[in-house]
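Okay, here we've got a single chain as structure tokens, the form predicted on its own, with questions on binding and movement later.
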């Protein structure tokens, strides 16, 4: 296949999903003083699901969303659109951290995915939601061995999975790199992520939620009677507040010890012709992820483009979040080269879009939850790149925490516990960069983890996207 630079040279440096036609006009910024029963900070999936479910539970509740940009502009509009049933960042991660409640978490995750599909239907959200399933593919023998071991555990816990050997997986999707795969038939849906966010926004408006966009919240002030969100042009005084800001949250200092902002990058191809699609198969249109420590995720879009992302999870020293980090040419070239290796049949295919976005990563890879200000503010963060589906579960947790009465969700160890905190800077940067280097070494060395990675494993620390 030709040089990756050639195939990238015309790519637009913008997220494909967010440049589509049909984006809603921005709501007016917050201007002046207002009040609410519940104020939600952030109009990504986490905040939108929270507002929507709050109104469904209590239609008389006065709910306000205050968003720094526009709905879905950050991680919710830049991801791969993998809407997974897993709320623990995969089966293996969940089993390693919450083994005693794993069957419950699997059930809750599957119910959550079913409820997302029902909401998409109920509100007529046009977001190409379809229950595609997902292929977890092995491209090295060590990955194939690990997949086989993981498959046995997943099947024992009742997951609808199938083990595919080399010929069987290549009959599904034809890549010369595949050694085998596990097909998860029911644990993943694919979705147009921006259109899901826009549809949830409209659903919120239809139920009477007020939304203010382009209104960054600068601080939260507490009094005995209320919490007040202050923006540069106004304020919201509310009985209760939900913080749904992901990696962009700076309003609650305690969260900073648990979250690091990690950049993930993706490419989008031009639409495949019928002949190109026939050359690789993919008739069942599953989402695909490979099984290295540095992994790729990829899927077809409604118009038969291929989204190709992942592999290079980048932490900029000091945890800086800057618009310039959304573009990283060295990563795009690596991704294009890996695409060429995976699908040599598609020689000549062009990439039309290239982009990055920041992920709220925590050391246990799955979300954590809590309250502040005497139980009047709830938060969820740390989805670590698998929040398209899990944020709806997190929204329910936050609302249950605010309600105060114990529920099945709030009694979970996953909800009651916190991840191991990251060390402060500059040690944090050194630890993360050493971990990134070690992960790359493990992938190049048949998956063998060095002493540093084994030490982190024993401490419950990790770094992932």
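Here the structure is a predicted model, which means the values were calculated and not measured. Numbering follows the first chain given and starts at 1.
As for the form predicted together with a small molecule, it is not shown, yet the points below apply to it.
> With a cut-off of 4.5 Å between heavy atoms, is residue 216 one of the residues that contacts the small molecule in the model of the complex?
Yes, residue 216 sits close enough to the small molecule in the model of the complex that at least one of its heavy atoms falls within 4.5 Å.
> Whether residue 385 contacts the small molecule in the model of the complex should be assessed with a 4.5 Å heavy atom distance threshold; does it?
Residue-level check for residue 385: yes, a contact with the small molecule.
> Are any of the heavy atoms in residue 79 no more than 4.5 Å from a heavy atom of the small molecule in the model of the complex?
Contact check for residue 79: yes, within 4.5 Å of the small molecule in the model of the complex.
> According to a 4.5 angstroms non-hydrogen atom cut-off, is residue 236 in contact with the small molecule in the model of the complex?
Close contact is absent here: in the model of the complex, residue 236 is far from the small molecule, nothing within 4.5 Å, heavy atoms only.
> Name the stretch: of 43 to 51, 427 to 435, 414 to 422, 399 to 407, exactly one has residues whose heavy atoms fall within 4.5 Å of the small molecule in the model of the complex.
That would be 43 to 51.
> Please pick, from 74, 181, 378, 196, the one residue with any non-hydrogen atom lying within 4.5 angstroms of the small molecule in the model of the complex.
That would be 74.
> Which one, 242, 359, 200, 362, lies within 4.5 Å of the small molecule in the model of the complex by heavy atoms?
By the 4.5 Å heavy-atom cutoff, the listed residue in contact is 359.
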